[in-house]
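In structure tokens, one chain follows: the form predicted on its own.
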Amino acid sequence: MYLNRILKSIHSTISLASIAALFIIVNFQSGSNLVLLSLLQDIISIALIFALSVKIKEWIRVNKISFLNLTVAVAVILGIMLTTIWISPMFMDELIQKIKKEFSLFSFASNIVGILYFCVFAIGAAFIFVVLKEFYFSKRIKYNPVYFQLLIIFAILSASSYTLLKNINDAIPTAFMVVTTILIIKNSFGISWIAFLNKKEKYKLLFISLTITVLASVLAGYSADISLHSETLITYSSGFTKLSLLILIYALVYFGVLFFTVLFHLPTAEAFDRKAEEVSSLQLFSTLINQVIDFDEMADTITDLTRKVSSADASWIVLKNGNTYETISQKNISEKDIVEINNYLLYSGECKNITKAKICFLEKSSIKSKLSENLYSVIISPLRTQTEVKGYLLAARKSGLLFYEDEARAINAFSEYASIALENSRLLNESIEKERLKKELDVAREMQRKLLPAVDPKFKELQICSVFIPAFEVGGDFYDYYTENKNEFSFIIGDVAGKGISAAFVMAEVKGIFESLSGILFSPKEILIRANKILSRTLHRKNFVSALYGKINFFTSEFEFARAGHCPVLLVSEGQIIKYQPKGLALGLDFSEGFADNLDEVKIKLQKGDTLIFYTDGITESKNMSNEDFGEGRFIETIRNNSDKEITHIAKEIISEISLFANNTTQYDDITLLILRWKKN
């Protein structure tokens, strides 16, 4: 913290000193045209740009400004710069006369106006440069700073060579300008961050990027031509004039490329929106499962959600009834067409034994002419409970529109939830109270088991061991791994308050939300904030959820995590046990801005052999015959006594100590234990 304050003070001092130095040099140069003096002005102006860039970057980081808002800010900055050029003549009459006399002695007042004019464009150029740098490095799979560093080097060489050689040899500055322009074009491609915007945001970005392109081109024209603007900037630094021109060219090229990239990416925005719809549908599913017990109402809601998830024109559900199939719910399709399609897909054996969602095309099928509507393709997914297929969930599109594999995967996952929901509803309607509760718990346990990872992933840098022991009554413990990014390992561990079927289904909802968010967000803190916001629409306060989201970067050996009211993290390093318990409220306790304000993110540098231990309160709150808790003290002591052992042995000893302590008493809460050991030097 103290070092940051010192650095901020240094950057502010450099900025003020640079402005003062340029003011003094221009005020007393008296027509001098020395190369060394001009070079000194260039060095001072470059130092000013550097100091301003650092301050602006820190401001962007602290305020967590989104990329879309940054583009708006760039447009505003360019607008201010252009407005300054247009209104400046009415304030700079004396300065114009001094420039015409080839830098004759400036009056104090005219120099103040000139330095303020220069500062506007220095701040604007620094801001645009920082934003372009942020855009260049954002969302890249591989960190490759070489081309951007080369761009900076050649831009500075272009500026300095213009000052040193402008009256001697124009070939070298021109060559540097050409290379810099080529690097600008090279760095303006590979815009990956726009893939994370939804369709509405992309339309906004399309308009903003076009606005920036126009503004940057106009400003570049003023900077390139001999005008009051360019002559005023040259008065303070000829090198800065070229440098600001290059920054404007970079903005012009980058946002020009961005405009066309967004234009061609608009169709993909629908896929992003569809993923968001999937998350929203899972929330509705949780509410549905917790509140709706009528079987017909459940089926109708599922068909509605199926249409939303797959963007289908029609959907329906068929259940097995002996050797026949019964349609229990249908949306936007006639009974006649359902019969024809069911006969074609199910009775003929075309899809009778499928184990996952399948896409079927009807355009060239034998039933095409029998359909009353122009249905073109169908997704059919089995409704499976444990090992038995109870029925099928189907969705259809019209007018030549096809389904694709990603939509089939979404429907396949959706049908798993639907099958559990339908089976649960059927049990509620057909069983007596005692038998109904028993079946409900069985379904919930099976769902809970299926939703947890089947095996622990294996990495050369990281060893993983997990233990999950469910209580007699269904609970809400959960954990999951996310290994799509080869450069890092992410995971979630959590505990839903309460027990029973309600806690289990809330757990399923929360797990689905984190699975969706892990692919589009990267900060553990941001993921927890976004999850809390999503849950605000469905989660009751009595169902609050403690959670911890963490990730380990295989390249930097850094572990980063945030905890939302969950148990602390234990780090075993060189025989010492360190407890990390940063601020964080449980999900669902506060849906206001206070949740984010009270959530800290921690980063730990891992050393070889370091062991990280995560757990739920089922461990520390295990009770013996005297109703005494196992407690954190016994837990840590067990870890300390076995810290030099393999993590599988540590886990085994912890569970053994809990079993001995509990002395065959009933386990009333789930026990979840996750141990990670870093193996990289």
Partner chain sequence: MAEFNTTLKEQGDISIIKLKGYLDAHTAPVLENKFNELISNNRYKIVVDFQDLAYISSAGLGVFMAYIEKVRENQGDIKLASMSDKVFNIFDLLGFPLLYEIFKTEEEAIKKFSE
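Residue numbers count along the first chain shown, from 1. On a predicted model such as this, the values are computed, not experimentally measured, just so you know.
Keep in mind that the form predicted together with the partner chain is missing from the display, and what follows is about it.
Using a 4.5 Å cutoff between non-hydrogen atoms, G221 does not count as a contact of the partner chain in the model of the complex. Residue contact check for A586: one or more of its heavy atoms lie within 4.5 Å of the partner chain in the model of the complex. A residue is said to contact a partner when one of its heavy atoms sits within 4.5 Å of a partner heavy atom; G565 meets this definition for the partner chain in the model of the complex. In the model of the complex, the partner chain sits within 4.5 Å of a heavy atom of K623. Between 65-73, 47-55, 626-634, 651-659, the stretch whose residues reach within 4.5 angstroms of the partner chain in the model of the complex through a non-hydrogen atom is 626-634. The partner is absent here, but in the model of the complex a heavy atom of D590, alone among D590, E134, E231, E526, sits within 4.5 Å of the partner chain. Checked against the partner chain in the model of the complex, the residues S160, S546, S377, N342 give one hit for a heavy atom within 4.5 Å, which is S546.
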